[in-house]
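Next up: a single chain in structure tokens, the form predicted on its own.
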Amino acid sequence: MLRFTTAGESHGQALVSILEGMVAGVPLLAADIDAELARRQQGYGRGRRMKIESDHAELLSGVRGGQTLGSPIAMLIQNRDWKNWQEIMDPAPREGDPERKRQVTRPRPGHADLSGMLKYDRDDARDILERASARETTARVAAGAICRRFLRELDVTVGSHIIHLGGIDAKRPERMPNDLNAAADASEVRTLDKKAESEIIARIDAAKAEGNTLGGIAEVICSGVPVGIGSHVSWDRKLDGRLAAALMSIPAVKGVEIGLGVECARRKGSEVHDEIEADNNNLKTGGVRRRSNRAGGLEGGITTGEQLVLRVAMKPISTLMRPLATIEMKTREPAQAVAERSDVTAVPAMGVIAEAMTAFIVAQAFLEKFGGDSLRETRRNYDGYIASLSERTGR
């Protein structure tokens, strides 16, 4: 079973990411991971934190000579801002137990602050918000970068672009670029619509001026996945459910759609389902093709061989520079929520995080189906499966 775990707080000393179950022999350099970490830090509307941090993954185990070993891969990502927070985040007890600086006792609406304080019996919301912070997703992107590198060896790619931000829709081009990420990353807000880009930037500037925040939607596209990944036989093996759960776990994400998504409920069946026709040249789909891809590459929890198309909706960030009403937990009196350094929007970065979570789930499902302890063994099993699909076409 491919799995990963992360550790670390937003202003702690470092973040840790451990990926277990990756096969041996996957080419991997720290630069492969750092490239994805840099993509996560981009985007118009980010706060000062992104100017402080320049994330780098230090490979501690599981890699030798530029290849994975099959053992757990541990990565350390230092927080450069730690020096400014050491006294506040020091794990050691304080002499005489004096109050820590920068306590948070005015929980922010929309954040984990209040629920976490009550659940974990904490008086200072910093004990909650430091881990609930989206800074944790840096470690997820590191793990996802390795999964992405593995998938590339099987000719599978994952990309994303922003289709909505701050109330403005960005049009999808009639023909998507061959290198989706290169095209999206060339935009400050990672959109493929130049007209919408300028409108979105203006909307972000306006929101910043009024101390507000903005949400949006990223579209993730995974190409090259053959038919038959995932399963219909049990609820927890359905790939659509697993992808939705992984994407919903991203901080501030409130909705996930696959293919037409919610729009399916508004249409007739004839306007929803993808008609099928023979295509003997397409071996990855079993010698058939869909005339459309309204299902987003998944039917019954199983991939169809068409592109996986996922949309991920992120709410506005809950830290506002003009804070919303809350209470002071010490007195229960009305107060304004705490306002710390924050982004106006992190939707462009969320798309990169969504790519990482998609890459992880798809890689996990690949290894469940094709197995193997080494990349060569997995590739042999994969090639054998594709060959078996070609046999069904009579070729």
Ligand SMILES: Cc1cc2nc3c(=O)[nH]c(=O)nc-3n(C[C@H](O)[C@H](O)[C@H](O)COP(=O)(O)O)c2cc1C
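In case it trips you up, residue 1 is the first one in the sequence shown, and so on. None of the values given here were measured: they were computed from a predicted structure.
Omitted from view is the form predicted together with the ligand, to which the following refers.
S.K.: Consider the chain as shown here, without its partner, and state which of K315, R152, R80, R172 has a heavy atom within 4.5 Å of the ligand in the model of the complex.
M.R.: Of the listed residues, the single hit is K315.
S.K.: In the model of the complex, which of the listed residues (A134, I201, V227, V104) lies with a heavy atom within 4.5 Å of the ligand?
M.R.: Of the candidates A134, I201, V227, V104, A134 is the one lying within 4.5 Å of the ligand in the model of the complex.
S.K.: In the model of the complex, does G301 have a heavy atom within 4.5 Å of the ligand?
M.R.: Residue-level check for G301: no, no contact with the ligand.
S.K.: Is the gap between R46 and the ligand in the model of the complex 4.5 Å or less for some heavy atom pair?
M.R.: Within the cut-off, so yes.
S.K.: Would you check, heavy atoms only and a 4.5 Å threshold, whether A359 touches the ligand in the model of the complex?
M.R.: No, A359 is distant from the partner.
S.K.: Would you classify I258 as touching the ligand in the model of the complex, given a 4.5 Å non-hydrogen atom cut-off?
M.R.: Outside the cut-off, so no.
S.K.: Choose one stretch from 107-115, 286-294, 235-243, 72-80: the one whose residues place a heavy atom within 4.5 angstroms of the ligand in the model of the complex.
M.R.: In the other structure, the partner sits against 107-115.
S.K.: Given a 4.5 Å distance limit between heavy atoms, list every residue of 351-365 close to the ligand in the model of the complex, or none if there are none.
M.R.: Heavy-atom contacts to the ligand in the model of the complex: only I353.
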